[in-house]
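In structure tokens, one chain follows: the form predicted on its own.
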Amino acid sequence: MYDYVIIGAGIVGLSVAYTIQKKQPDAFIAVLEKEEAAALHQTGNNSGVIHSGIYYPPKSFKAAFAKNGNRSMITFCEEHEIPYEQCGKIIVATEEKQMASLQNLYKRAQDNELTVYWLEEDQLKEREPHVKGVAGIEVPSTGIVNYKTVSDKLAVLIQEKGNHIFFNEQVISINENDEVSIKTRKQTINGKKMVNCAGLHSDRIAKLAGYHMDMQIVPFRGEYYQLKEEARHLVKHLIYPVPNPDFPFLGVHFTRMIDGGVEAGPNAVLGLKREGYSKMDWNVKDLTQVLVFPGFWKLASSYIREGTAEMVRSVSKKSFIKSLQKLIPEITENDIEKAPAGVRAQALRLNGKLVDDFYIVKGKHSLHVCNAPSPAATGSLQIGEEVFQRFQES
């Protein structure tokens, strides 16, 4: 009998296990993962940003998890000699009509008690000589890391303490009575408490446990290009546009990677499979669940123009380049090449509204992390703290 059984060995599930292990050293913990190794989906296809929390409403989970997670993630990397860099982020207003939004973002940073710097046009040019903009915000605390490397270290630390990680263990049923009985395709595992950190399948795991919600996970594929080596000098920080208030994603941007590369993107298009990383990947069950879900059509009707632009960027390199040239005009099609895509698990409500914050559902002996969008990797250790605290209060 385990004290805690955690479903999902992405960075959130592993961080929850690691945090519980630190808080309750005598706890016996099992982590179940359907794949053959840890962090193969959202974590392993993450752009690797250690976020600051500048975008998020004060007092939201996102703001708290990002700000505190930034510090805890960097501390973890330093303690375990994992390469990271606080290279900073610059958010750019490329035209005057974006200035009000940039000023609102600057105020939000102050409300979230972040150290940021307002950049006039000449100051922006000093920091990013190739960027075209009328003003910007510099966020020094933003960093980069490889979250797969972090996850692999978490897995080692969990197992060193005698706790278990079971791979190739897909959960097929859950019975939650006096204890939690979890059946996989290979065995039945019993635990006193369970945590659902199944990411792209978190809603399905919650449903297996008997919890039906007014939301569903909808996969959005983010497609990237990367700068060729000879063009990497064009980017010195992470470079982001001012977020479009009419669209729930951040827009295409430039992300330096810890291995020296620079990614450009992503767009955001509907994934035809929950773990579909190419345009040709599709799954009948996954696609049908999206198409029969009323919330999807309500969302789609609200963002027809923006959604169409995202799809055009998906099939047209020329269109993708035009988006990038708004930030760096001198970049050309010859400067970029295709990079691996990622899939974002986005919780969507029946009314067509995106679940905009972390969404944790309490069960009888379980907690279900049913929406863990960006900055989940940054805040993963803080999510572990939150989960442990909620169990103590129950």
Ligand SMILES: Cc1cc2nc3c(=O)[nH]c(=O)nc-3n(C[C@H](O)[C@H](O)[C@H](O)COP(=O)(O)OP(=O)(O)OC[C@H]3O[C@@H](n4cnc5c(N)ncnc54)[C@H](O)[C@@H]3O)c2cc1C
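Don't overthink the numbering: it's just position in the shown sequence, from 1. Fair warning: this is a prediction, and the values are worked out from it, not measured in the lab.
The discussion below concerns the form predicted together with the named molecule, not included here.
Novice: Check for me: heavy atom within 4.5 Å of the named molecule in the predicted complex, for each of V5, A17 and G384, yes or no.
Specialist: No: no residue has a heavy atom within 4.5 Å of the partner.
Novice: Please check if Q24 has a heavy atom lying within 4.5 Å of any heavy atom of the named molecule in the predicted complex.
Specialist: It does not: once the named molecule is placed as it appears in the predicted complex, Q24 has no heavy atom within 4.5 Å of it.
Novice: Examine H41 and determine whether its closest non-hydrogen atom to the named molecule in the predicted complex is within 4.5 angstroms.
Specialist: Output for H41 is yes: heavy atoms within 4.5 Å of the named molecule.
Novice: In the predicted complex, is there a heavy atom of the named molecule that lies within 4.5 Å of any heavy atom of G363, even though the partner is absent here?
Specialist: No, no contact at 4.5 Å.
Novice: Considering only heavy atoms, tell me if L327 and the named molecule come within 4.5 Å of each other in the predicted complex.
Specialist: Residue-level check for L327: no, no contact with the named molecule.
Novice: Of E169, E310, D286, E138, which residue is found within 4.5 angstroms of the named molecule in the predicted complex when only non-hydrogen atoms are counted?
Specialist: Of E169, E310, D286, E138, the residue with a heavy atom within 4.5 Å of the named molecule in the predicted complex is E169.
Novice: Report the stretch among 115 to 123, 90 to 98, 128 to 136, 199 to 207 that approaches the named molecule in the predicted complex to within 4.5 Å, counting heavy atoms only.
Specialist: Among the candidates, contact is made by 199 to 207.
Novice: Looking at the named molecule in the predicted complex, which residues in 364 to 394 have at least one heavy atom within 4.5 Å of it?
Specialist: Residues within 4.5 Å: A372, P373, S374, P375, A376, A377, T378.
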